[in-house]
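Single chain ahead, by itself, as structure tokens, in the form predicted on its own.
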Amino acid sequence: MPRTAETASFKFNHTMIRVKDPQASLKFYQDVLGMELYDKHEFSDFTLYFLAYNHEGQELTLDEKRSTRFGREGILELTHNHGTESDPNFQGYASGNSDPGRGFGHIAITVDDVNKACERFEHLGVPFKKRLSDGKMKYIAFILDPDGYWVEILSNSLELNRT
């Protein structure tokens, strides 16, 4: 069904996940996955971090990133509820892939070369949920972020057999 005039301007802007320790999560998403911080909003009891890939081909100032955040697609919002990082009784968040809390599954990142990306993750000590060599689907891997959320890694030129 084609998009209608009423939905022609709609974009999938962002997905939000809660994180225990924002410094660990920011390090993972920026240093391991190469995302950039586009915006940050601090409130009295929580902070929001907005990350995305810059594929515009130019460096953007923080103000430029902030001003374009709501007009683009593919934003990851990390929500940190203050105090979770230092609470010894905090049990963490449900990743969505086990009970209780099954529902959310994963985010996915496409890469030019899945093998090289996985070798890099291995070298960086990133934990894997599924390596390329595991299971039947040898063309995807799953790594884990600091909160145990699954991040699927697959080729940006993957063609699935549609039989």
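Quick caveat: nothing in here was measured; it's all calculated off a predicted structure. The numbering used is simple: start at 1 and walk along the sequence shown.
One more form of this protein should be noted, the form predicted in complex with another copy of the chain, which is absent from this view; the next part is about it.
- The candidate site formed by 18, 100 and 110 is fully in contact with another copy of the chain in the predicted complex, as each residue has a non-hydrogen atom within 4.5 angstroms of it.
- Another copy of the chain in the predicted complex is not approached by residue 49, whose heavy atoms all lie more than 4.5 angstroms from it.
- At a distance threshold of 4.5 angstroms between non-hydrogen atoms, residue 120 is in contact with another copy of the chain in the predicted complex.
- Not displayed here, another copy of the chain is kept clear of residue 115 by more than 4.5 Å at the level of heavy atoms in the predicted complex.
- The closest non-hydrogen atom of residue 71 lies within 4.5 Å of another copy of the chain in the predicted complex.
- Shown here without another copy of the chain, the chain has 53, 54, 55, 59, 66, 67, 70, 71, 72, 73, 74, 75, 76, 77 in 50-78 lying with a heavy atom within 4.5 Å of that partner in the predicted complex.
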